[in-house]
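Let's start with one chain on its own, the form predicted alone, as structure tokens.
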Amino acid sequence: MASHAIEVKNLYKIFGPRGEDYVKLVEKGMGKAELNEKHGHVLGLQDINISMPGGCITVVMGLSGSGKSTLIRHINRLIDPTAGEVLYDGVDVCKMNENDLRSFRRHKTAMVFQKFALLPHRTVLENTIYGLEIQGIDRRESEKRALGWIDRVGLQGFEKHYPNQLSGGMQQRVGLARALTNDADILLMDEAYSALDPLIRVDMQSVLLELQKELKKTVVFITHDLDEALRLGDKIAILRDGHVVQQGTGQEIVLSPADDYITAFVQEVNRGRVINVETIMRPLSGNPEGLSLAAGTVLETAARTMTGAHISNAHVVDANGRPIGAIDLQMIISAMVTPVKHTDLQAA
């Protein structure tokens, strides 16, 4: 069975008429500013290597100009690379011919945009079935599938409304329903929630996480917001000036920032929502009794559960219910408030 994983290997993008001529110079250390100043070319991506596991959410984050939107457009080849590979189930998207690429875009990928990209003259239903129309799917089958997803994203009753009759959050739900109706393996989400108000944004994050539990799509999510990345990402890759500074789980990045740039990103993070109980638990002593916490429980939830039960000690159990460690409230509080600095890790 195919995993629907994406592998980005040795990917370079240099914007300009002779980009290929300057890959070697970049490999030898020429930076973005020097390349632009001396040769009038812009370094978009530099030696990107990221494994995006099938059925998981990979978040690519960074500030404006970091290359994250350029990267996501290589996955469905809206942008051609200067060098490197983008493999989907072992097939290089960059080497697909025109027919294969068209089929890949129509059947294997779906995209959700920051500005919604809805067609203003089409209703919610007509926007949602647009991709199926392009595929030539029977109208009755298209409507059946679309109505199901419109319901799932919470828009039942709005099928005949036009985009200008909807709020921003509702418009983004239409965009998500359209992408899901295509039943593509890969969901590409480029700053999909950045234009939304904070509360609506959190709501849309919850919608995506709930759907993902069932659908197990290969999701590539672009954001500049670390809190969003930590909430959504099974894996996170942080870009700066076109190259990957650090990648890993949210826990790994918060606990072991690769450099001062990452440290600056993570210093204001609510650690209690990121770190799991098994990360800080101590070995068991004797037979555990009382409250058990499942491995994978974040510290904030653990603290709330323990204080609600008026206890200060608990044990951690694995997926089979076997005790694997012990934890107490003081350990949780210390882990939640103690920041990690890159210089501390270097000195350790």
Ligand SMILES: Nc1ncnc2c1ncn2[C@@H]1O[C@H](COP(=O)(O)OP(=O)(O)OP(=O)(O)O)[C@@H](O)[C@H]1O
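Since we're looking at a predicted model, the values are computed, not measured. Heads up: residue numbers just count along the shown sequence, starting at 1.
If you look for the form predicted in complex with this ligand, you will not find it shown, but the lines that follow are about it.
Put simply, E191 is close to this ligand in the predicted complex: some heavy atom of it is within 4.5 Å. Taking non-hydrogen atoms only, T301 never approaches this ligand to within 4.5 angstroms in the predicted complex. Shown alone here, L63 lies within 4.5 Å of this ligand in the predicted complex, counting heavy atoms only. Although the partner is absent here, K32 sits close enough that one of its heavy atoms falls within 4.5 Å of this ligand in the predicted complex. Contact with this ligand in the predicted complex, judged by any heavy atom within 4.5 Å, is made by just one of A294, V42, C56, L284: V42. In short, of 67-75, 205-213, 145-153, 167-175 it is 67-75 that has heavy atoms within 4.5 Å of this ligand in the predicted complex.
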